[in-house]
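One chain is shown next in C-alpha cells, namely the form predicted on its own.
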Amino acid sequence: MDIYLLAVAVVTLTYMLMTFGLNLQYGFTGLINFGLVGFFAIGAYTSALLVMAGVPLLLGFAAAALLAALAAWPVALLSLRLRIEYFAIVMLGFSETIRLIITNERWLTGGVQGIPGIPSAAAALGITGVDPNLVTLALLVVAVGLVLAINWRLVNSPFGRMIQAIRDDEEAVRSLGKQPGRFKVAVFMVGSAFAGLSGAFYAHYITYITPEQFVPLLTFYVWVAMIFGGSGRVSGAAIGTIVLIGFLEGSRFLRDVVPGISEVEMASLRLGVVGVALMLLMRFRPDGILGARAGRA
C-alpha cells in the first residue's frame, strides 16, 4: 500500500505541474491550448536524452523546460493572427506533429521502440539506499512549490492583472494603448515550460518512454483537472488535480462492484466516471469546486 500511495502522489504532482501551466494559459489569459501533451513530450525526451548523455539531472530539467518554452514561441505567435477557435485546432495538430516527429526520428528518439533505461532521479543524482520514487517525490514537492510560488507572484502582479484584463476583454486593453500580443506570447511560453518540466519528471519516473504515451487523452485529463478546481484560480489547479487523480484511481476499484469486466472495458468505464463527474460539476458548480474566479488566485 505504501508503494501504491507513493506512486499516486508522484503522478498527482506530475499532473499538477501541467495543470498550473494550462491554468496560467487559459484560466488567466484565455488561451486555449489543446496541444499541451506536445510540450510534455518535448520535456520528457529532452531530459531523458541529455541525462543519458551525461548531463546533470537538474540541468536536464532546466533544458526540458527551456526547450518546451522555445518550442512554444513560434506557436504562440499564431495566437496573434488566428481566432481562438482556430488556434485551438492548430494546437491539437501541433501535439500530433510532435508525436509523429518522435515516432519517425528513430536516430534520436528510438522511434516506436522508445527510449529504455532512462536513469531515475535517484540514480542520476547518485543517491543509493533510498526508494527512487521517494527521491522523485521529494524533487516534485520542491518543483511544485516553486511553480506555485511563480504562479502566485505572476497573477498577483501588474503582469497578472494585465493578462486577466486580456482574458476578459482584449479589445478594451488595446483601446488603452497596450499591446496584448507580447503578454500572450510570454504566458504561453511560461505555461509550456511548466509542461516541459512535468514531462522531464515523468521520463525519469517511468524510466521508459515511447510515442504512444503522449496522446491527446493526457491533455484532456489536464483540462478536466483545471475545470474541476476552477479555472483562473491557482489553488483550483492543485485541488482539481487531486480530485481528478482521486477519480481515476478510485475507479480502479469498480472491478469489485462490476464483476467480469475486462481491462479495455475498465478503461472506458473510468472515462465514463470522469465524464459523469464533470457533467454533475457543470450542473451544480459550473465555476469549479472553488467557485467563481472573479480575478482571485
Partner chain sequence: MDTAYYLNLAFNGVVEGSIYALGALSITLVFGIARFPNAATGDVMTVGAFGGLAGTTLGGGVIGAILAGVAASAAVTVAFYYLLFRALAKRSAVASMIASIGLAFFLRAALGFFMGHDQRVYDLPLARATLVGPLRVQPADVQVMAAAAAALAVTFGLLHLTPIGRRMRAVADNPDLARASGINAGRVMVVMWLMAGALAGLAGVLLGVKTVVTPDMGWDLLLPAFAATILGTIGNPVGAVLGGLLIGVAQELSTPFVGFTYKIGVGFAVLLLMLMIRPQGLFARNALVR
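Fair warning: this is a prediction, and the values are worked out from it, not measured in the lab. By rigid core we mean the largest C-alpha set that fits within 1.5 Å across both forms. Positions refer to the first chain, counted from 1.
The discussion below concerns the form predicted in complex with the partner chain, not included here.
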{"item": "4.5 angstroms heavy atom contact with the partner chain in the predicted complex for E249", "value": "no"}
{"item": "Proximity of L278 to the partner chain in the predicted complex, heavy atoms at 4.5 Å", "value": "yes"}
{"item": "Exercise: G272 in contact with the partner chain in the predicted complex, heavy atom 4.5 Å", "value": "yes"}
{"item": "Contact flag, I32 vs the partner chain in the predicted complex, heavy atom cut 4.5 Å", "value": "yes"}
{"item": "Among 178 to 186, 158 to 166, 119 to 127, 213 to 221, the region lying within 4.5 Å of the partner chain in the predicted complex by heavy atom distance", "value": "213 to 221"}
{"item": "Joint contact, L146, E170 and L290 to the partner chain in the predicted complex, by non-hydrogen atom at 4.5 Å", "value": "no"}
{"item": "Position in contact with the partner chain when the complex is considered in the predicted complex, options L134, I150, I101, V141, heavy atoms within 4.5 Å", "value": "I101"}
{"item": "Answer option from I89, I206, L80, L108, heavy atom within 4.5 Å of the partner chain in the predicted complex", "value": "I89"}
{"item": "L13 C-alpha moves between the shown form and the other one by 2 Å or more, core aligned", "value": "no"}
